[in-house]
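One chain is shown next in structure tokens, namely the form predicted on its own.
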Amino acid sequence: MTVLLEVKDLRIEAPKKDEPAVKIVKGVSFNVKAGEVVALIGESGSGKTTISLGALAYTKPGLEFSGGEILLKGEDVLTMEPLDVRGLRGNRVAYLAQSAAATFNPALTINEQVTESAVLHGVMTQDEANTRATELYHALELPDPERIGFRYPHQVSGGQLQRLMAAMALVGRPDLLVLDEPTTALDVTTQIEVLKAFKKVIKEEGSAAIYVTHDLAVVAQIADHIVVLYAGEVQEQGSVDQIINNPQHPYTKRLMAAAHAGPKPGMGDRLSGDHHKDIANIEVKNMTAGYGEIVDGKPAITVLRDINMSVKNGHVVGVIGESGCGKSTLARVIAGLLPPAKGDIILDGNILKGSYKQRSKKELQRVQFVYQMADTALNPKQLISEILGRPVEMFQNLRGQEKRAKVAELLRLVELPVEFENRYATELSGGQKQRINLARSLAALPEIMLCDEVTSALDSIVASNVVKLLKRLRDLTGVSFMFITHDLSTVAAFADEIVVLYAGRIVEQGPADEVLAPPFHPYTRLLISSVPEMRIDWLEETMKKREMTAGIARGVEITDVGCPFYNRCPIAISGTCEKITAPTYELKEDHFISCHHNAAEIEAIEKAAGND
């Protein structure tokens, strides 16, 4: 294969007034061949995105190219004239961002945006671009490919929008694709669907690509070559097989150790019993919730239906499920941000008012919310001392020197230097911001913390460190956690109990080690089967499984009658599952499952299908 892109001794730095420049990228070199996918991997701050953006002759504000070459078909993009650079971006080199939702304009139809670049660059006429777009919709296995382009971005799912962004990048037949964490924020079933579509279309189009990610399991499925980065330098590079199965550099070995290999039966924590009370810390009883006007205990749009669950004192309950299943809505109801249509939220035996506005200061203090995106949750104009000091003053009634001492104690508790109190959030890394996010909630001395996808945007090493911190905080403070996530590997390593949520209903719940061991509810098996493993050809093997064939390409549909998983279930009973609500029964002690099949039937079906 011919070399399409050559990166030679690339150096990027941040110039400082009256000080030496800060070196960001330090002499990086690698090649991308035609038809090849090269993955740039490493933890946050390693320079992955900064290097990949160099292929578009672009640096982020405050940075500049200080040396080296980036040759696209022999032409150095760093020395191009501005007009030539304009013709390069979106034409010869196309960029796929991490967030498709932020990339698309909500006021324009999908087709207008997908075809815009090719038409503006004069590569195609509008009719030719429309035809090409429809071909790509077929290739990317999008639903209703002849008409999906006439929809608006909010009318398609997150996974579909991510694939439409790939169509946008490919429509002009670029020489090179730059994919920047395109599946990081997706749930496991959507991720596998998007990966399958990306791999298929890259192969069919013969495209070359730079794939930026921190997820080694994803890399194993889609890349041909891996470049391992740390602090702006190449630590190791080679074929996927060599890097994954025979890493040489100590840092690469550390990445492998931190990589999630997927949840296995028996991985989950067993209930410790160290913090038991006579009553559950938080209980949700017969709760239904949604959005819009509530009439006779039913909201206009029902999201959660007949939810019953509890979080014991000092324990961790992991809530898992795909996007749209109602995980975040459940946390919002418990926090009082969304009043339930019916049912009760009970804290230490006392029924809480539905809205936070009606709850006492003491009740607000005891239930704290930790938001997913620390970037948007922390005020960029406030010092860390102000961000942490406000809840200390409000809930602990401390001021002056006592408040400052408590802020310092909180920083030490989340393993950050006390000197950080004089920094702004923008001066911190992603993992450090998330620790401040946690410290702010801890400042209220809560009994339960509602953690909504707090590790989803973090690389594997940083996420692993945050989970270790949460375990330590539980042991030190006795605080309970409701841990919302789509990362089954994380929840398996952290949770005492797991609640599996599908289309607003609990389909399985119980001790983590039992929920992650067969017999599974069919939806739990689909989730577990969808977690990428760090081995080559895993994707192709997995897509042949019975549960994948039945359910991977279909989205979550909230239904009023029957089992909502019916249209995706490989063992559905026609005439029963779609009409009658599934009964809930106890599989083992404290392990419940909602299914029309009993445990013996599920086990027999799985054995017959060859599942262990």
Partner chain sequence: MQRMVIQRIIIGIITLWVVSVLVFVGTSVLPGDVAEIVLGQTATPETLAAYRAANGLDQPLYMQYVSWLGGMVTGDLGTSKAGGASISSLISGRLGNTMFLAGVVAIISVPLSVMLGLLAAMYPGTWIDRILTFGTLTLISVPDFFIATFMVLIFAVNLGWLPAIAHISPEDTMWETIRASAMPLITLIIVVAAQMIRMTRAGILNVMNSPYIEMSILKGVPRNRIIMRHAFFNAIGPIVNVIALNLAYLVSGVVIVETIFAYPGLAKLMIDGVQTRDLPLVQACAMIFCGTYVILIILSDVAAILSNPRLRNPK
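Numbering follows the first chain given and starts at 1. Quick caveat: nothing in here was measured; it's all calculated off a predicted structure.
The form predicted together with the partner chain exists for this protein as well; it is not shown, and the discussion that follows is about that form.
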Is F104 close to the partner chain in the predicted complex, meaning a heavy atom pair under 4.5 Å apart or at it? yes
At 4.5 Å between heavy atoms, is K579 in contact with the partner chain in the predicted complex? no
Even though the partner chain is not shown here, does D241 get within 4.5 Å of it in the predicted complex, heavy atoms only? no
Is E116 close enough to touch the partner chain in the predicted complex, meaning at least one heavy atom pair within 4.5 Å? yes
Non-hydrogen atom within 4.5 Å of the partner chain in the predicted complex for each of A492, D560 and S594: no
The unique member of M168, V454, I498, A220 whose heavy atoms fall within 4.5 Å of the partner chain in the predicted complex: M168
Which of these residues, E112, E409, E540, D344, gets a heavy atom within 4.5 Å of the partner chain in the predicted complex? E112
Which is the contacting stretch out of 56-64, 31-39, 583-591, 570-578, given heavy atoms within 4.5 Å of the partner chain in the predicted complex? 56-64
Can you name the residues of 120-142 that have a non-hydrogen atom within 4.5 angstroms of the partner chain in the predicted complex? L120, H121
